[in-house]
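Here's a solo chain for you in structure tokens, the form predicted on its own.
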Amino acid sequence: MKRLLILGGTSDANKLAAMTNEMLNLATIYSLAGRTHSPNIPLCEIRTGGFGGVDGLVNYLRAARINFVIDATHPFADKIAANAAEACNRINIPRIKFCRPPWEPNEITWISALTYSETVRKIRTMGERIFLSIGANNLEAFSILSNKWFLIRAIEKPIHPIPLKNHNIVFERGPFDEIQERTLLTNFRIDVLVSKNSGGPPAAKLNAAHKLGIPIVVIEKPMPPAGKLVFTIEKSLDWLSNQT
């Protein structure tokens, strides 16, 4: 029986793992970083925790007798994506990167930024109450904006203290609909929405902010590592079927 490693952590990865686990002559191992204590997990073999860099991942791939790898991690998990590409190249294991198509501005427009530092520069003069819809990590760059107030949303309590002088944190698990997002933006009197371009269907928060006239700053996702990219679950399954 062939063995597939899915590097997961997204709803698309969950769906993919559940579907591949039903394929004949294929065992699916679903890997999570372990940062969330109660993640949504598919019905298949689960592995939790880091690998220890490229060398650690190479050792795992060999020891677990992995035949194929699908990297379906979050678009901003660029470090594990790079490690997966290098490890698979090193020992010649077929790999694809599942990429959700990025959001494209149409009737909803936004200001793009490539880095957190660039985002800080752009929101410096935009408003006083900022919804940082980017999770509870990578917030250090925003700490210099001591005159701003920030709203943070997270699934569970962060391991490390929030490095922001003025903030509030709400604990909620998505997905959220537009009514929920509009209520959040209104109740907290948000002036600016900051979001990562996570891709897929347009997020309800974008529609809610647009209709409320709240400016949006979107941090564009990093380039994926070299290699084959697929943009749908169906294409991922097609690739896997051709491999097996």
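All figures in this text were calculated on a predicted structure; none of them were measured in a lab. Residue indices: 1-based, along the sequence shown.
Omitted here: the form predicted in complex with a small molecule. The next part is about that form.
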*Could you work out which of 173, 90, 160, 79 is the residue within 4.5 angstroms of the small molecule in the predicted bound form, going by heavy atoms?*
79
*What is the one choice in 204, 58, 44, 33 with a heavy atom within 4.5 Å of the small molecule in the predicted bound form?*
33
*Looking in the predicted bound form, any heavy atom of residue 83 within 4.5 Å of the small molecule?*
yes
*Contact of residue 74 with the small molecule in the predicted bound form (heavy atom, 4.5 Å)*: yes
*4.5 Å heavy atom contact, residue 10 to the small molecule in the predicted bound form*: yes
*Although the small molecule is absent from this view, report whether residue 68 comes within 4.5 Å of it in the predicted bound form, heavy atoms only.*
no
_Counting any heavy atom within 4.5 Å as contact, can you tell me which stretch out of 46-54, 207-215, 59-67, 177-185 lines the small molecule in the predicted bound form?_
46-54
